Ligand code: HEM
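This document opens with one chain alone, in structure tokens, the form predicted alone.
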Amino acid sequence: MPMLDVALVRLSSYEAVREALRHRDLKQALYDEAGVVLEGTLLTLHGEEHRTRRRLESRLFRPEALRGYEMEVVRPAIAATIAPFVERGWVDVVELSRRVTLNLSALIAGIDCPHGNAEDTGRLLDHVWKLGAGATVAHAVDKAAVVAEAAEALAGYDREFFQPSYRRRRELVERFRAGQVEEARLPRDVLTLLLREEDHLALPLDLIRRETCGYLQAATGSTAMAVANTVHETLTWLERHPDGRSRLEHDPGFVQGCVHEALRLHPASPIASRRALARVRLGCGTEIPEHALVQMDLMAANRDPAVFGADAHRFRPGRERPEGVPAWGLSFGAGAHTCIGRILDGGMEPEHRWRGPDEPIYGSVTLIVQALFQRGMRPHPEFAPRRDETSTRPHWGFYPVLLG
């Protein structure tokens, strides 16, 4: 059957991109090629089906739960993971971030490491990294190879990690329904939520498996890139502001501002894509025909001088912005598909912080970056950072720094 001649509409201004991201007649299309990893997952859904599943899974991201994650998972994971690298004297920021966030993303997804040892962590991390490449195959240099690796990783992940985790939770949920286990003993994770709601959702097992993959790869990959980009920007900033190191070591609010500014300049995906389900006319006058593919330049939108000022292309923590514009711009999306884990990564902005009994929720990226500065992070004099050459995304593949 011949391919239809489908229109392509490109958007790059902040206001046009924000409106398009929020429009109900523009359906997520960035992951159309990533079916092996993401078909039917929350990232790809639209309309009522998306609202139902997101409402269910959002229970895991309430402020009190996020506070618990930061205090009980992220901070101990940072301390334990970074210690051997401090002794060695240097670390690859990308590797460190992936290892720290793997524990948290696995906890949220509902995936256990059967033996709880370093070998488990290494194998799971390898699977997740390949699944992440499969999820972002639209940006891959060799798409066929990436899809094949992702399919192989999915099979290994299923056998070694998903199936044991599934069986344990299945038994707990069945015992809970029989009145043999109290609700408080059930894990609070995506896999358990989906099993508890299986009669209502009617999701096949392979889709439940992909849903856990979606959380694992998104959290681990995007967090690692956010940390690496923040490290790069702050180390460069320190060359111009050498007296700023003390703030990076002791002021988590300032570090969070640096994280938000780095997120604005470097969205995890430089573009977002939508498919028009009907004819759409944007407020700027742009006409989008039905079935058209809408490609949104998030990097350009986040650097729009009309919103972020004449120096919008520069890294400037504490940047003023119009009311209602997030410090991270559109890097976490907007509308129904706003990243469900955005507070987990970036914390709460000062004006929106949860007024709980403890300190603010700063986000995992802030905690990792500050921990690195507190341990004397500085540029490595021998090893240079390298970009990830397997992707067209401007991501770091290796970012070495000295510690101690």
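Note that residue numbering begins at 1 and tracks the sequence as displayed. Worth saying up front: this structure is predicted, and the values here are computed from it rather than measured.
As for the form predicted together with the ligand, it is not shown, yet the points below apply to it.
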**OP:** Sort through 330-338, 173-181, 83-91, 277-285 and report the only stretch with a non-hydrogen atom within 4.5 Å of the ligand in the predicted bound form.
**Re:** 330-338
Subject >> Close approach of residue 54 to the ligand in the predicted bound form, 4.5 Å, heavy atom >> reply: yes
Original post:
So in the predicted bound form, does residue 191 come within 4.5 Å of the ligand, heavy atom to heavy atom?
Top reply: no
Original post:
Does any heavy atom of residue 36 come within 4.5 Å of a heavy atom of the ligand in the predicted bound form?
Top reply: no
Subject >> Residue contact check: residue 368 to the ligand in the predicted bound form, 4.5 Å heavy atom >> reply: no
Original post:
With the partner left out here, if you bring back the ligand in the predicted bound form, are 228, 262 and 373 all within 4.5 Å of it by some heavy atom?
Top reply: no
**OP:** Consider the chain as shown here, without its partner, and state which of 212, 256, 136, 223 has a heavy atom within 4.5 Å of the ligand in the predicted bound form.
**Re:** 223
Original post:
Considering 100, 108, 301, 131, which brings a non-hydrogen atom within 4.5 Å of the ligand in the predicted bound form?
Top reply: 108
Subject >> Sequence-ordered residues of 27-56 touching the ligand in the predicted bound form, heavy atom within 4.5 Å >> reply: 28, 31, 42, 43, 50, 54
